[in-house]
Structures are given as structure tokens and as C-alpha cells.
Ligand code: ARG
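Only one chain is given next, in C-alpha cells, and it is the form predicted alone.
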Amino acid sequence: MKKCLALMLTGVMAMSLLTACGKDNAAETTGDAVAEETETESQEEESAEAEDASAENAETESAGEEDGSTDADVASGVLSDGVLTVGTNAEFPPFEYVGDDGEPDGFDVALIKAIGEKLGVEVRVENMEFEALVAAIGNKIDVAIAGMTITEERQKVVDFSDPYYDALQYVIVPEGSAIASMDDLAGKNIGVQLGTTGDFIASDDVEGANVSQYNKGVDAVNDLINGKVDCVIIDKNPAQVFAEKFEGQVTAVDGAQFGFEVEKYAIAIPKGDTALADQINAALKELKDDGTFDELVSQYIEN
């Protein structure tokens, strides 16, 4: 009887120990699960925050790209090295020509140097063929100023500053010539400077014209004097310069008689560079407001 009671007591104690151990293990398992769940939630929250931050940064960068207003573009750009490299064609007096010192001079050259002074940069002028200027922008040169007319064709490749000068094509004819209207140009041998508005008019608008293209306007005028062409179509101011230079040999006829329209000269700049355009336009406005622009017109064009 005592043995039975002892055995029963031992069994009860064993069951109690097993039950206690089971509770402890369950508590540990539950604690581990809660800890893992908490850690997972924390990781998910951190991941979500990182994604939000990344999306916000991407959105900010995208906005900067869309409006072109990144700090680098505004602060540096073409002018970041302190030099503005300008292309011109020094064969178009009085806007550009080779001065006594052998360097490009003229109204356009003086104007872009004045703009450079306003912008606080050094201006370096490269003398090039007119036809090569547009393709060189953004590569060999930063901008171009060369009595260049704003046209839809050029605007496909480059942007332009605000216009700074209104111009009209003239027709240079031999002294005593009967050429006086658009109809008179039909079928004529016409000299032009390659890539200029005169070139476009003669090639596209004059019926039956035989067009001779020259890199220099003066070469076209020389061939006119020598009887190789019947007339030369070129901008008003160069036409007047050549008529004065070769007085008694040629006459410059107002383009209004031929139905030519007024054109607008502007500075050609890299496509999409709004920061540079804004800076150049602001400097150009200052020069007009403070009288410098009118002084250059008087010095180079009116005189």
C-alpha cells in the first residue's frame, strides 16, 4: 500500500514538472514570435521610408531636368570657365570685318564683347566661314554672331537671343543697270554670300536664276564689277558699304522695290540652353538701357 502511494506521488510530481516545462517552452516560443513580428514590421517601415525618400529625390531630379533649373546649369554652364568663345564671319561690313590689327572687328564683334563685359567673362572671337557657324555651336564655339537672321530652318538646330537689329536685303547692280524689280531678276546671274538670306532668296524665290555662291561678299561684288554676274543680293548695310567703296561702278538698290521683307538679326546659342539665353538677353537689355547699344550703332553703322 505504501509503495502504491509512493508511486502515485512520484507520478504526480513528474506530471507537474512536465506541465511546468511545457508552459515555459510555450512562453519562450510566443516571445520569440512576437519579437520576430516586431522586427519584421520595423524592417517594412524602414523599407517604405527609404522608397518614399527615393521617390521624392527622383521627383525632384526629374523636375530639375524638365525646367532646366539645376544648380549646375544656372551657376556654371557655358560661362563656367570664364570664357565665351564666339564664332563670326569677318566678311560682312560693317557688322564684322578684319580690322587693321588683323583681328575681327565691327558692330557685332563690339556688341558681343560688351555683352561679355556685362557677364564678367572674357570673349574670344573665332573667324570662320559663315556656312560653318551653326554646326560649330556647342562644339568649336559657344555662340555665333554674324549678322545672322532668325529663320525656321536655323531654329531647328540652334536657339536665338532676342533680336538686336532689323535688316533688309539690297540688290547691288552695275552703275546704270535697268534691274529694279523682282521680275527683272528672273533668269539673271546672281552673286550671293553662301548660306545667307541673299542665297536663300536667289536660290528659292527668283525664277530661272543662275546662282553663284561666294564665301566672301566682296568676292561677289568684284565679279559683278568684272561682268561675271548681273547683280548681288546682300544685306542693306554691307551693300551700302560696297556701293561707297566702289562708287561710280555699282549701285545699291533698296530691297523694298523687290518685295523683300525685314529680317531680324540675333545671337545663335546652343539648342535648349535657356540659362545662357537669359544671361545674354539680360546683358543685351542693359546695353540698350544704358545707351551703349546706340553708341555702337552710331560708331559702326551710321558712320
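None of the values given here were measured: they were computed from a predicted structure. One-based numbering along the sequence shown.
This protein has a second form, the form predicted together with the named molecule, left out of what is shown; the following refers to that one.
Student: Ok, 146, 115, 143, 232: which has a heavy atom sitting within 4.5 Å of the named molecule in the model of the complex?
Tutor: Selected option: 146.
Student: Heavy atoms, 4.5 Å, the named molecule in the model of the complex: which of 194 to 202, 117 to 125, 172 to 180, 78 to 86 makes the cut? Say which one.
Tutor: Careful reading of the contacts points to 194 to 202.
Student: Would you classify residue 260 as touching the named molecule in the model of the complex, given a 4.5 Å non-hydrogen atom cut-off?
Tutor: Because no heavy atom of residue 260 falls inside 4.5 Å of the named molecule in the model of the complex, the answer is no.
Student: Looking in the model of the complex, any heavy atom of residue 242 within 4.5 Å of the named molecule?
Tutor: Answer no; every heavy atom of residue 242 is more than 4.5 Å from the named molecule in the model of the complex.
Student: Is residue 130 close enough to the named molecule in the model of the complex to count, meaning some heavy atom within 4.5 Å?
Tutor: Residue 130: yes, in contact with the named molecule in the model of the complex.
Student: From first to last in sequence, which residues of 200 to 218 have any non-hydrogen atom within 4.5 angstroms of the named molecule in the model of the complex?
Tutor: Counting only heavy atoms within 4.5 Å of the named molecule in the model of the complex, no residue of 200 to 218 makes contact.
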